[in-house]
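A single chain comes next, written as structure tokens; it is the form predicted on its own.
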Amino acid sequence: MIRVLLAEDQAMVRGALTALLNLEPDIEVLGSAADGETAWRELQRLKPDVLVTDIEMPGLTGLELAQRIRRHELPMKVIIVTTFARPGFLRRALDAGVGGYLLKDAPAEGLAEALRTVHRGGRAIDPQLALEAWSDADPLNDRERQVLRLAGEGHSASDIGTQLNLSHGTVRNYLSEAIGKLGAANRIEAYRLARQKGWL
């Protein structure tokens, strides 16, 4: 049996995925979580073979969950099922060791097949998205991404400096670098562009 934990903040989608996967003779849904922190606790408690997660959730995102799993060397695979057809998200997911990246509008039977493929150690990636991911590289480094995300959420340079333990001048330098790399006029435009590409 392939033992699965689902992490999805929309109750209807979570219920539909659970029902769909439980129809498969070789797949068992052990439990589900509506946010990233709950998913993290359930992962450690239930020890599933595969985590199926959305990207955007309260608490931890699906990408942050995947990064934590990799950092803690937990012996489980990760499949992301999302509405975000953004190459930047896919690249970051692959960097985090994700084995599958599927879009929610893909055929339902594709998820069970992807689970089997990833469980065996293979990859299951939406093919069109995979092509796009390698044609549009993310120019931001991790620190620029953190600073730009916080700036786009309305935090001042001083707030960002306090949160990230950086000087005011360093924060301004990171913002300036990010704006320049994205060819944007200001931090708001840079944030919007980076969000559209899936780089934040």
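We number the residues from 1 along the sequence you see. Definition used throughout: the rigid core is the maximal C-alpha set that superposes within 1.5 Å between two forms. Here the structure is a predicted model, which means the values were calculated and not measured.
This next part talks about the form predicted together with the DNA, which is not shown.
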property	result
In the model of the complex, residue 157 touching the DNA (heavy atom, 4.5 Å)	yes
Partner contact for residue 192 in the model of the complex: the DNA, 4.5 angstroms, heavy atom	no
Residue 34: touches the DNA in the model of the complex, heavy atom cutoff 4.5 angstroms	no
Residue 46: touches the DNA in the model of the complex, heavy atom cutoff 4.5 angstroms	no
Heavy atom contact within 4.5 Å of the DNA in the model of the complex, the stretch among 161 to 169, 24 to 32, 64 to 72, 46 to 54	161 to 169
92, 123 and 125 each touching the DNA in the model of the complex (heavy atom, 4.5 Å)	no
In the model of the complex: members of 14 to 52 within 4.5 Å of the DNA, any heavy atom	none
Residue 17 C-alpha shift between the shown form and the other one of 2 Å or more, rigid core reference	no
Exceeds or equals 2 Å, Cα of residue 171 between the shown form and the other one, core fit	yes
Rigid core fit then residue 148 CA moved by 2 Å or more between the shown form and the other one	yes
